[in-house]
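The chain below stands alone and is given as structure tokens, in the form predicted alone.
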Amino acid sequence: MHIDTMETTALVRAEADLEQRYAALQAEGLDLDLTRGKPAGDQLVLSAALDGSLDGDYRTENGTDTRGYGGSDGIAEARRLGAAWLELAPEELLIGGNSSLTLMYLYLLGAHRFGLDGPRSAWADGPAAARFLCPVPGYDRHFSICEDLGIEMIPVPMTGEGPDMDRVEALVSGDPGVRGMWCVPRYSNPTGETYSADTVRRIAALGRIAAPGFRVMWDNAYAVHRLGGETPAPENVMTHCRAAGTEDSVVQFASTSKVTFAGAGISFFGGSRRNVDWFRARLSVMTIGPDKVNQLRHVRLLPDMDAVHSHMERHAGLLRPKFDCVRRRLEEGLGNRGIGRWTDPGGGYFVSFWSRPGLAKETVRLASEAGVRLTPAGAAFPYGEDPEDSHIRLAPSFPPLAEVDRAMEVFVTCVELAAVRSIRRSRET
């Protein structure tokens, strides 16, 4: 039955039943965690062959000893892999350490403090305060970078096919302070949507109407992270940029953080030759060269994209039961009762849940007091402020399946209890 059609007496009975169930869950002393999208231990085992893969042979195909200094662009084998990953040419790639987030931060730090075209082009010294467009719900760590650098954030709603491009184009063309935009084009964090062809084409054209130095931060974190189904990959944004003459306006990032070892992978930076040259110059001040030994380990394990896709199918086999569990618990517990809605992603690491407006924080609080930790309500919005107080990000990848199932039992109970209490109280006023 839809919750809004329930008689008040039925609501009161339902609230009493839910409170009894909730108290029983509290009494169990649970300690469960659905906060972050981390690979579980059995996923990490899939890359155990990284250890010992070199067997004393540290030389690349051209004879370079990877134990030495230098090689700021990364070894040729890793650049070929990254180029196939991001659909770029090898010379349009730099290979970094385990974190693409570090590359994103350093790129924006350079643009903001030092300028992409010399000191006078620094965003921080421009005539208007630097602002960034942030599709929401979005990735909290993207927002943390902007907040740390003092870049103002402007939320832009997601549509199911990517950001609302009418809104994006109006903001970019009408405000010279808008310096860029975050994008996660495939299996977006946390909504799981993949950008449509029209969205990609319009993003590639933004450089024509934007202020000088405008950059799209194209974080292709989940490019190879399918869970199942036939969700097509987004179109190649650089192909559209070349057609529009905006090659410098998009810079791309990816990593193996959720492919091999989360804390010991490699990362990719890609873009136009001009962007690559500029970023190489910035990085050269900070390092004499990346960890080429780890790059070589990775290309020995994953020499090409066929190997990557085969490897990721094994990941998907471990992840699918957990996502199926989340979906089953939500469908069985909440159904079409008007209590919430959620995504059923074809890839990535998250399920987005929307409670009735005004109840996300209360749901997270109830879950915490019953022993289930969730990402804070509002985390997927700039400054942690969800204007509807409705969105909750669920991350089922790390706990064992039995713990995911138990956590979702608690979560569904909390969602129901918060909704029933809210409606019952509203009828009393």
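Please read these numbers as outputs of a predicted model, since none were measured by experiment. In this text, residue numbers run from 1 along the sequence as written.
Below, we refer to the form predicted together with a small molecule, which is not included among the displayed structures.
Only one of 110-118, 249-257, 280-288, 304-312 places residue heavy atoms within 4.5 angstroms of the small molecule in the predicted bound form, namely 249-257. Contact annotation for residue 221: at least one heavy atom lies within 4.5 Å of the small molecule in the predicted bound form. Proximity of residue 139 to the small molecule in the predicted bound form: non-hydrogen atoms within 4.5 Å are present. Although the partner is absent from this view, residue 244 stays clear of the small molecule in the predicted bound form, with no non-hydrogen atom inside 4.5 angstroms. Residue contact with the small molecule in the predicted bound form: residue 231 places no heavy atom within 4.5 Å of it.
Scanning 124, 101, 276, 318 against the small molecule in the predicted bound form with a 4.5 Å heavy atom cut-off leaves one residue, 101. Only one of 184, 81, 95, 203 comes within 4.5 Å of the small molecule in the predicted bound form through a heavy atom, and that residue is 184.
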